[in-house]
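Only one chain comes next, encoded as structure tokens, the form predicted alone.
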């Protein structure tokens, strides 16, 4: 995006276009403080889409999409156009993502046609990137105005058209096979459904084995301490039910050791726990799911927090843009953390994001939490607090702890006794995330006051614990989102809609935050994968997402070429149902 300043002619007239009307008053007040005579208007999301009742794609003309006005949107657009005057700056500040860029593209075209029709003069159209609805966020957006990112628009068109081609071809086949209209198929929803169905099949076919483990009780300074019996691979030693001779042998050897002293080595270390990064879309949804929020509910609340609330006659956008793959924090965010914490530490977090345009999800103001409780409902406050705590924790110091290992040498045929524990002595970031310590079982064990060295301790007893292998766990909302991210299925903005679609089609049920496939879901998944595996399995879905990323990162000419190549290949597969995916093999 080429940077350029907002047009500053004598009357400072500005038309500022956003997606949601909730932001309008806040932005209007900020723009007026910059001495603009600004009118802030909203598109209310997309103004155009592919038609409902036909394919809406001109195959012969390079898969050109045919976009039509959505219901009631023509009237909204006309209201926007009627506000345009000579010598006006028009700033399009739709959401800073692919969908927002497509909305910007469509509204810009309508504006250009209107200007030409009315013969208006000296109109400047610019695209603004607004990451937070704050004074500084708007100011930064106006100082770095640019043009619409056409490659990003082409990428959005490629996603929309590919989904339409696949859905338009496959859904009728599904209706015919199941004699049931209303069923649907799609590269993202079907790939996600397959994850859930495969997990269910894994559970149904799983045959848990019975096994035995051993706890050995050691007297350490008149304290009974239970050690695990470990193997040389540093795993808890197991004897399976059909290995009776081995079980008898281990029991016999342990019985012989009772009342005998064994040599142990004690090792103590200073260790630390690094803070977690600030939240991005997927991790926000995962953490909120642990509190009982669906992905769509989380995104809906985050949208309200982003758009802001009124506090004491002033409107505050409370968080930065909530659709992001990045954990990067801007200079403004770092300064905010410093103003709250005083002393901060900058940590390096692994960030595999290919989309660094948006920073992490963070708070935007240093507002008193007790004050916010009075203005946010309970659900909004919980989501805000998640974002608040993860943001500040990311700039706090490491938690420090004493780590202790007590272990014997070779006890029985390469088996040894092992005990580890930990003791926190500096909380650091844990003051914001106290429950995070529950991920470390060592802190649930007693830390024994022993210096490094070699000791003789007496074995006083042992226990043989009979256990069964645990069944694989079904996906929760949190874990399915994590799996979708790991396998490259969809994008942060689509996770919630995908889960909702599966629910709406009765392909899955969610009970107590656990996802179960329905009988219909299993049958539909098996049918689709057997017939259209090349287009609906996980590998293709992840591959297509990477191709959409390639289009977005390319210049316009290359983006158009990639668009044509991708859709041609998809269309050819749909026509012939041939095996293999050439683009995948050749790139």
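Residue numbers count along the first chain shown, from 1. In this text the structure is predicted, and so the values were computed from the model without any measurement. By rigid core we mean the largest C-alpha set that fits within 1.5 Å across both forms.
A second form of this protein, the form predicted in complex with the DNA, is not displayed here; the remarks below concern that form.
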| item | value |
| --- | --- |
| is_contact(residue 164, the DNA) in the predicted bound form, heavy atom dist at most 4.5 Å | yes |
| Contact test in the predicted bound form: residue 404 vs the DNA, heavy atoms, 4.5 Å | no |
| Contact of residue 553 with the DNA in the predicted bound form (heavy atom, 4.5 Å) | no |
| Distance check, residue 127 to the DNA in the predicted bound form, heavy atom within 4.5 Å | no |
| Partner-proximal stretch of 91 to 99, 377 to 385, 136 to 144, 265 to 273 relative to the DNA in the predicted bound form, 4.5 angstroms, heavy atom | 91 to 99 |
| Contact residue in the predicted bound form, from 333, 422, 186, 277 (heavy atom within 4.5 Å of the DNA) | 186 |
| Proximity to the DNA in the predicted bound form, single hit among 181, 244, 83, 118 (heavy atom within 4.5 Å) | 181 |
| Partner contacts in the predicted bound form for 279 to 312 (non-hydrogen atom within 4.5 angstroms of the DNA) | 303, 306, 307 |
| C-alpha of residue 161 off by 2 Å or more between this form and the one not shown on rigid core | yes |
| Rigid core superposed: residue 96 CA moves 2 Å or more between this form and the one not shown | yes |
| Cα displacement of residue 523 between this form and the one not shown reaching 2 Å, rigid core superposed | no |
| Closer or farther in the predicted bound form: C-alpha pair residue 328, residue 18 (3 angstroms or more) | closer |
